[in-house]
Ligand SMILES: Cc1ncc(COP(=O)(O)O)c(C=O)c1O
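Only one chain is given next, in structure tokens, and it is the form predicted alone.
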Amino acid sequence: MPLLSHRIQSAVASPLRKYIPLAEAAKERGTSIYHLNIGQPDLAIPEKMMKSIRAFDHKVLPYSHSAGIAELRDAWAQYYQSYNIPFTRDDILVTTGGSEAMLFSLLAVCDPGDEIIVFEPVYSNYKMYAAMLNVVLVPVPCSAESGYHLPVRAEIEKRVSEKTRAILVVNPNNPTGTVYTDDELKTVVDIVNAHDLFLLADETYREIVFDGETHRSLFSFEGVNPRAIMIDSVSKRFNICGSRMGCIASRNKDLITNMLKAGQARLSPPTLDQYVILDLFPDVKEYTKRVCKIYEERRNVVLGILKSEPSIVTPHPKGAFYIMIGLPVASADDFVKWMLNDFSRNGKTTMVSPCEDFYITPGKGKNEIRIAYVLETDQLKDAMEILVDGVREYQKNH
């Protein structure tokens, strides 16, 4: 029997989804589960998109241009221009979600064995994309005690090597919910300029920022072009995760031209989805303002309940809709499995994501979990109270 590749065998299963079989078994036993393990918003699809779906009357559903239809690239460019980011249609490639945007970006800037500096904890799926391309992710640790903010320049810069090709910044951050300060972002810009590196900027959650703060794009800093690459998605901006619409944007013409080769290899992004999201962009700021208010209310519910248990390390996230917390347990993996297999309250339990796989450094994140606050407040309150009760019960028995 031929052996599978070392690359696929060494890849880790998604911490967001790897315990789905346990959740399914719990449901078969009659247990209701609050899913806080994955960033799947419960908010309704925008009605404008539904109207576009119903009105779609093309007789044929063809491949689109490999870079995406011109109308959507124009809409995305105008959206960026409203944030004073001067992209044009020719700077943008439409992708099958932000996931493909990251995969294409790594393909464009790295050869096998090259390195990308990341701030850990890091979105776990990015580890898989790196593994697919034999790219090495070099971690810079960030701590819960600091709210997962970036360390000083010297700590970042000492990870730069001859093989370093880029630094990746996810802001607002998934999985931590951290929003980086102007000084932190300026530090990263200074480093990539000093060492002639690419800058990968995942700004998917730019509109979801709390406490009166604002998001600053890395593209607003002088000297960042043409080394910067935007990785973006509408999944969370418009609550349409299943649409799988994302984009890459860069003012580096050579980069975009060469990335198009990857786009041509997969022929095109989904044609129907491109047409039916067009009408969402003109009202994006008004729409996301309402969405942001909803998530800030949910964040406050989560913080209020978590802080009732002193044994839980609870940072104060400022954006996205995630929080990473430290539990008084030796293994968050075991705790998550126990919550699904052995614990319920009034026939209900809560599912979260263990965080060891959000780290690259061995041994990190063993006692941390990520919570995605993607349920309406009454359900979220119940889910969080069940979680805290579970932590207390687990401590007694373990």
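Note that residue numbering follows the sequence shown and begins at 1. Bear in mind that the values here come from a model prediction, so they are computed numbers and not experimental data.
Beyond the structure shown, there is the form predicted together with the named molecule, which is absent from this document and is the topic of what follows.
Could you confirm whether Tyr126 comes within 4.5 Å of the named molecule in the predicted complex, counting heavy atoms only?
Yes, Tyr126 sits close enough to the named molecule in the predicted complex that at least one of its heavy atoms falls within 4.5 Å.
Please determine whether Arg299 contacts the named molecule in the predicted complex, using a 4.5 Å cut-off between heavy atoms.
No.
Counting only non-hydrogen atoms and a 4.5 angstroms cut-off, does Thr271 reach the named molecule in the predicted complex?
Heavy-atom contact with the named molecule at 4.5 Å: absent for Thr271.
Using a 4.5 angstroms cut-off on non-hydrogen atoms, would Gly97 count as touching the named molecule in the predicted complex?
Yes.
Within 4.5 Å of the named molecule in the predicted complex, heavy atoms considered, which of Tyr180, Tyr205, Trp76, Phe104?
Going through each option in turn, the one that passes is Tyr205.
Select from the listed residues Ser235, Asn252, Thr288, Thr164 the one whose heavy atoms reach within 4.5 Å of the named molecule in the predicted complex.
Of the candidates Ser235, Asn252, Thr288, Thr164, Ser235 is the one lying within 4.5 Å of the named molecule in the predicted complex.
Among 169-177, 272-280, 299-307, 110-118, which stretch has residues with heavy atoms no more than 4.5 Å from the named molecule in the predicted complex?
Answer to the contact question: 169-177.
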